[in-house]
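In the form predicted alone, a lone chain appears below as C-alpha cells.
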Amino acid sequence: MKIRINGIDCEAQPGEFILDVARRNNIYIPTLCHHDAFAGEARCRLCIVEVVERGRSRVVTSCVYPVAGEIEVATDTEKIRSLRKTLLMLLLARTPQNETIKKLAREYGVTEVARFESDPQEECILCNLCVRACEQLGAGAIYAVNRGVTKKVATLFEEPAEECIGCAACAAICPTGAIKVLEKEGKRIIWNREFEMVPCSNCGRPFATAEQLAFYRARLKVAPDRYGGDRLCENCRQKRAAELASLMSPARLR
C-alpha cells in the first residue's frame, strides 16, 4: 500500500511502523530511544508525527504506530515542533550538560528553564535501551530501579554485579553516552567493576573481557580450542574473513 509522508508517496507494508517507512525513504524523524535491534518503546516521544486518517488528524508516536491503510503523515508541522520543544525542554532540564540533548535543543530553539532543578552530572534519559540490550544478551546485570524523580538505571543495590560480563553493550547502545567505560592498561571498568582485557591473538590489542568471551563461547557452544584457539578483535576477524574469501574466489580456484 502507499502512504504519503511530507507530500512524498511511500510504499508501506501492512503493520509496518511509520518511522521505518520514513527512514527507508530518507525522511528524517528525530529519535533517541529507538534502535533497529529492538521493537519501539515510545519512551522519548521525539518521533511524534501528525497523521491524517479517514479525514481525522491526530498526533501519534511513529516508532510504534503501524500502518493499516492509506494515510497522510506530516513530520515537521508547527504543532509537532511545539510538542517536541516541550519534550526537549524537559530532557534538557534532566540532563543540562549532555551534548546530544543540547544539540537537539538548539535545533528546536530550546533553552534551559530556570524553574527546574537539575543535576549537572546526570546524562541518562531513561530510554531503557541499555537494560534491554543486557537482557537480550542474557546477562541481566542492570535494571531500572526506584520510581518517579529518583528512577535510574543501576546494578542491584548499586554493587558490582556478578552477572555483568563487561561487554559494554549497554554503553555502545546508549544514545546520550550516559554509561561510562574506562579502559586503561589492559583493564576495563564499568558499573563499578574491573575486568581484565584479553588481547587479540593477531594484533595484540586488548579487545574483550575474559568473562565476555567465556559467556559467548558457552552461549554459542563453541569449544575454546576451536579455530586454533584464536581470539580475534573485530578488525582482525574482518581481515581474516576477507583473506579467506580471496583464497576461495573462483579466480584462485582455477
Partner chain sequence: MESYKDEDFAAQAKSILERYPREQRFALAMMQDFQRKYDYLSQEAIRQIAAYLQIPSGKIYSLATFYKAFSLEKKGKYIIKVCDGTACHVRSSMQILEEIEKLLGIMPGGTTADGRFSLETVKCLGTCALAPVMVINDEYYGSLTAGKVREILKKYGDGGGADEE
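Source: prediction; values computed, not measured. Numbering follows the first chain given and starts at 1.
There is another form of this protein, the form predicted in complex with its partner chain, and it is not shown here; the text below is about that form.
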>> Only one of 140-148, 175-183, 69-77, 108-116 has heavy atoms within 4.5 Å of its partner chain in the predicted complex; I'd like to know which.
In response: 140-148
> Is there any non-hydrogen atom of A171 lying within 4.5 Å of its partner chain in the predicted complex?
Replying inline: no
> Is there a non-hydrogen atom of T100 within 4.5 angstroms of a non-hydrogen atom of its partner chain in the predicted complex?
Replying inline: no
> Using heavy atoms and a 4.5 Å limit, would one call E122 a contact residue for its partner chain in the predicted complex?
Replying inline: no
>> Using a 4.5 angstroms cut-off on non-hydrogen atoms, would L83 count as touching its partner chain in the predicted complex?
In response: no
> Looking at its partner chain in the predicted complex, do all three of E16, D20 and T31 come within 4.5 Å of it through at least one heavy atom?
Replying inline: no
>> Only counting heavy atoms and a 4.5 Å limit, does any residue of 149-170 reach its partner chain in the predicted complex, and if so which ones?
In response: T155, L156, F157, E158, E159, E162, E163
